[in-house]
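Only one chain comes next, encoded as structure tokens, the form predicted on its own.
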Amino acid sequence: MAVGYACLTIGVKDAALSRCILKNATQDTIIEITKQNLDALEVMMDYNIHHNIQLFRISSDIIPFGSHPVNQVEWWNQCKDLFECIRKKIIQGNIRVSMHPGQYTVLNSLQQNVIENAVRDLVYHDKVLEALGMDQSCKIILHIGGVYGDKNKAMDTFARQYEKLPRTIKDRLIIENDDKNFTISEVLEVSKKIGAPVVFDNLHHAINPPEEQRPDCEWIKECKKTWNSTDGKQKIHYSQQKENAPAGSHSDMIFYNDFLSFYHRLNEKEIDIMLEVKDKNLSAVKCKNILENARVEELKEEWSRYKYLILSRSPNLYTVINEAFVKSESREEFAPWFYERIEQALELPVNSKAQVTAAECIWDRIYDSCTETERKRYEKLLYSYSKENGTLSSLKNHLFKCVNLRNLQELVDSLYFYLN
């Protein structure tokens, strides 16, 4: 089983994607941003290899205006060496990559121009995976689309438009249930017509279930029948509903107890699970470490990234976790214990006193090497925040600038600077 995440890698230097607006999308700008984004993708792959994450969804924004007529760049040729370098790393890490066009890629639209744009977008996504040298097991995920007042007709329209697609796209395409229009039962019905594999989304299913009531594991078993050997392992999407948010909103993090409960209900463990969650790679690493019951020594790197963030939320929990590492406690299941306390801390409301404590601890690490101007700026921002006249983001930005200038990697990598 592989557990993966989608599109962005949080808390990793040089892994951010760049964009531009349409009026600035000259051919030179497009190729420049493409190269920057491919460099960022390579950094993401390095991260995935380091953490043994073997499932990753590549952002549709990797190529600016990839399927828009404004992009006339042969990026697959001009960036051939960059694609080749990334391909080697994907192979090295045994990483299965995929892509997921957005909500405006609608193959069953009533408007012909929307369908044409959708096909162009699918061609673009296939071209990215082709440029990376990926085989048929690296998929493109698509929803069925709109209902337009007649669900059966809409499903037939999707099937008809699917048959017109190039063979390479049909070989990659998998279809997914959604939270508004098409249930997993209806998507399976479409699959019978066109032969495309089905990806089960648990949160969409919870919001938009079919009339036939069956456990998730049974629907996943039905979906497995749609996957052939050339499609690779069956793939599903897993997410959790964010509290006090509209239905379908993804949680900020994956809570491990609910994830483990879902995992243990699965009949089939030879399956790839794509997490859809706000904190991306952080939850993927967490779930992987818990499933593999990572030991104390293996989690020390994780703690080095979390510790100032946890200190900024709860000095008490920081002390409890830190002492466990100092004593090298040999709990039978250390990973669940560790992440449970991380989750407890991150669930707490912002505490200004704890935030000041964390900022002071980081400042103590760099004080001696800072300039007088940097010190005065820090003192002003800390005072303003403590008196509720300034913002936490301004204080954090200054601290981050200072640690970055000194290339203090442990602090640069601290999640304190990336999560609120």
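Note that residue numbering follows the sequence shown and begins at 1. Note that the structure is a prediction, hence the values are computed from the model and not measured.
Keep in mind the form predicted together with the DNA is missing from the figure; the text below concerns it.
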Identify which of His250, Lys170, Lys307, Lys221 has a heavy atom within 4.5 Å of the DNA in the predicted bound form; exactly one of them does.
His250
Listed residue (Thr26, Thr391, Thr357, Asn351) with a non-hydrogen atom within 4.5 angstroms of the DNA in the predicted bound form:
Thr391
Spell it out for me: taking the DNA in the predicted bound form, does every residue among Leu17, Tyr104 and Lys280 have a heavy atom no farther than 4.5 Å from it?
yes
So in the predicted bound form, does Trp337 come within 4.5 Å of the DNA, heavy atom to heavy atom?
no
According to a 4.5 angstroms non-hydrogen atom cut-off, is Val114 in contact with the DNA in the predicted bound form?
yes
Can Lys13 be called a contact residue for the DNA in the predicted bound form at 4.5 Å between heavy atoms?
no
So in the predicted bound form, does Asn397 come within 4.5 Å of the DNA, heavy atom to heavy atom?
yes
Looking at 143-151, 224-232, 319-327, 187-195, which stretch has residues with any non-hydrogen atom within 4.5 Å of the DNA in the predicted bound form?
143-151
Within 4.5 Å of the DNA in the predicted bound form, which residues of 61-75 have a heavy atom? Give them in sequence order, or say none.
Phe65, His68
